[in-house]
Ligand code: G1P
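Form predicted on its own, single chain, as structure tokens, below.
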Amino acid sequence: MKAVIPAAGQGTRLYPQTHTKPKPMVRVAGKPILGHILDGLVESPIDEAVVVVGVMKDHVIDYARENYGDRLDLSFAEQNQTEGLGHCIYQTRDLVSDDPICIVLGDMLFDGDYGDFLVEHERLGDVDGSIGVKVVEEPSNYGVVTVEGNRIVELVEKPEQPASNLAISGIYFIEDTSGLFDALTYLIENDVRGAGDEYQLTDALQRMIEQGAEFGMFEVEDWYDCGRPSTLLEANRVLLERTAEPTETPTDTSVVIPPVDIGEDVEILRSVVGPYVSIDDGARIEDSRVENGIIGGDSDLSAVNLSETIVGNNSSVVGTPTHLNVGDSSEVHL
């Protein structure tokens, strides 16, 4: 089985962070979002990955090859125009062929393990595919499935009047890949667009069901949509709880409250850092209090009190703000 990772989106909800890097390369808990996804694949039985790239594609390709090229069989497809998730998956048809695939969205992180999800998929028996779902409070914000038992009978993308509260969580297993690509080809060649005026994967899967395909579902406990600042920070907190190793205070003039992730060549002077802070290489923090935040590489923070904050690379923040979302190469004086 191959993993397909859509990583071509512009990431507009994460501006200004994604002005200078693609969304999968935004850092969370010590590494890019894509790194956490690929780590999950390395620990699973899935050893091949097709990554769909788009804007600033070299960032994604170089990072994946340099850090995972010796552990995963990697290939890359390109989506030149962002016309929806269905259109994105369609770009992989020549690389996937008829092989079964696991689709893992490039901005979603999960509490569960991909290997565990694969076991849940296999427990469903002879199905053409399966989808991870979760009960949510506002299903109209998501793709929604209607089920009978553990079989899916209908899928709708962001319905105004949802028929259920079971949201599609962003992980899919497809056994009948030829059927999927036939459905996607039909949508694109006939310009059948769905929510957001885009070619939706949900619509292609619904077409497969209408033509007799059988899809099961399995439950996902928690997932984190890293496409928004608030949920990116939530993912940072959860991942640091799970993965951060004990960190010594860099100098005797500062206090570090775990869990934190501190990169290389980081200076922390007369400051209190943590909990839930990820600091990239080369950053400098002086006379400050920082908690619940992501601090980019080679950034300089001085005399600030920051919480729930994202600071991009090569940024300077001086003053006393409490909530910021500062992009790469920025300079802020308050």
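Residue numbers here begin at 1 and follow the sequence given. Just so you know, these numbers come straight off a predicted model, no measurement behind them.
The same protein has a further form, the form predicted in complex with this ligand, not shown here; the description that follows concerns it.
Novice: With the partner left out of view, is Glu234 within 4.5 angstroms of this ligand in the predicted complex by any non-hydrogen atom?
Specialist: No, Glu234 sits far enough from this ligand in the predicted complex that none of its heavy atoms falls within 4.5 Å.
Novice: Within a 4.5 Å heavy atom cut-off, is Glu157 in contact with this ligand in the predicted complex?
Specialist: Heavy-atom contact with this ligand at 4.5 Å: present for Glu157.
Novice: Does this ligand come within 4.5 Å of any heavy atom of Thr202 in the predicted complex?
Specialist: Because a heavy atom of Thr202 falls inside 4.5 Å of this ligand in the predicted complex, the answer is yes.
Novice: With the cut-off set at 4.5 Å between non-hydrogen atoms, does Met108 touch this ligand in the predicted complex?
Specialist: It does: once this ligand is placed as it appears in the predicted complex, Met108 has a heavy atom within 4.5 Å of it.
Novice: Of the residues Leu85, Ala183, Ile152, Ile174, which one places a heavy atom within 4.5 Å of this ligand in the predicted complex?
Specialist: Spelling it out, the residue with a heavy atom inside the cut-off is Leu85.
Novice: Could you spot which one of Phe117, Phe76, Tyr90, Tyr142 gets a heavy atom to within 4.5 Å of this ligand in the predicted complex?
Specialist: After the contact test, the surviving option is Tyr142.
Novice: In the predicted complex, which of the stretches 166-174, 212-220, 93-101, 257-265 has residues with heavy atoms within 4.5 Å of this ligand?
Specialist: That would be 166-174.
Novice: Residue by residue through 258-273, tell me which have a non-hydrogen atom within 4.5 angstroms of this ligand in the predicted complex.
Specialist: Contacting residues: none.
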